[in-house]
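In structure tokens, one chain follows: the form predicted on its own.
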């Protein structure tokens, strides 16, 4: 689905990862030799993973990032008219985590609070949905992203265990003065391929397998998320480029016009292969999560804050962003980030 929205901007981005980092060698010590783990790290680009304390939820990470925006006076609580929690990792099945965050953050009562179950494609998806809400409100939209995805991994799964880290992010979308700034979108859904990345138990179709006392049986593979790695790789390098090519044509720009391409930080190999497939210089398609891991819907904003932390986030007038994966889905956007205030990555103690 191609579309354009006028008069909105991504005004602020903050993200947070755990101060605790675990090397791939340590993470997979029971499965791989140090030499094998080092080879795997070189291939994926992930050297260390952000591992949050066991009691910390995704909402806690988002709460901390949002509080930073408020404490610095960058955004006022009364300015928020909608809160979107865009994650696969809610606090509870019921109620929606967005309501919990609204209460914890002290946001107004006359507010839209909504959970959206999205992972890798969530960032561009969220900006699009926020843009739609802004067409009918004067206040700003706060989006919360991320996941404690390091926990939803089977202990013997070498295809996923060394890839996923924990992180959260918050972004603000608001109207621009006078309008006129365009953001272009392309969103595709491939639900017939949903089982390429899936957690089969824990929803209404099948309960988690537990012992008689209700404790999760950690040796039961079906209790955890599983991934068809080849199917995801094929999807990322076929459907994602097709989505992006159509978006670039629709936006009326060339690849030379693009100042930066912010791709979902699935791993270094996919990011670089996607850039090569699109004939975009690798220097314009940064991979900056080598010490964090794949943080699902938070990976693009975390890439942005990592660029800021390293003094590499510039005035990007024409930015391409694209997330691809669980769904399966691709969501991409071309927008102006030249006025986006990006904070350096925060550390959760």
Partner chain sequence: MSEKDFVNKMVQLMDTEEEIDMDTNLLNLPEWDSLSLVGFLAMCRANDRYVEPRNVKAAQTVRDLYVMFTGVK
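All values reported here derive from a predicted model rather than from experimental measurement. Numbering follows the first chain given and starts at 1.
Keep in mind the form predicted together with its partner chain is missing from the figure; the text below concerns it.
- Partner proximity in the predicted complex, defined as non-hydrogen atoms within 4.5 angstroms of its partner chain, places exactly one of 226-234, 251-259, 169-177, 116-124 at the interface: 226-234.
- Proximity of residue 76 to its partner chain in the predicted complex falls outside the 4.5 Å heavy atom cutoff.
- Though the partner is left out of this view, residue 35 does reach within 4.5 Å of its partner chain in the predicted complex, counting heavy atoms only.
- The closest heavy atom approach of residue 67 to its partner chain in the predicted complex falls outside 4.5 Å.
- Its partner chain is not drawn, but in the predicted complex it has no heavy atom within 4.5 Å of residue 53.
- Just one of 238, 155, 151, 72 comes within 4.5 Å of its partner chain in the predicted complex, counting any heavy atom, and that one is 238.
- Among 277, 104, 139, 201, the residue placing a heavy atom within 4.5 Å of its partner chain in the predicted complex is 277.
- Contact annotation for 39-59: residues with any non-hydrogen atom within 4.5 angstroms of its partner chain in the predicted complex are 39, 40, 42, 43, 44, listed in sequence order.
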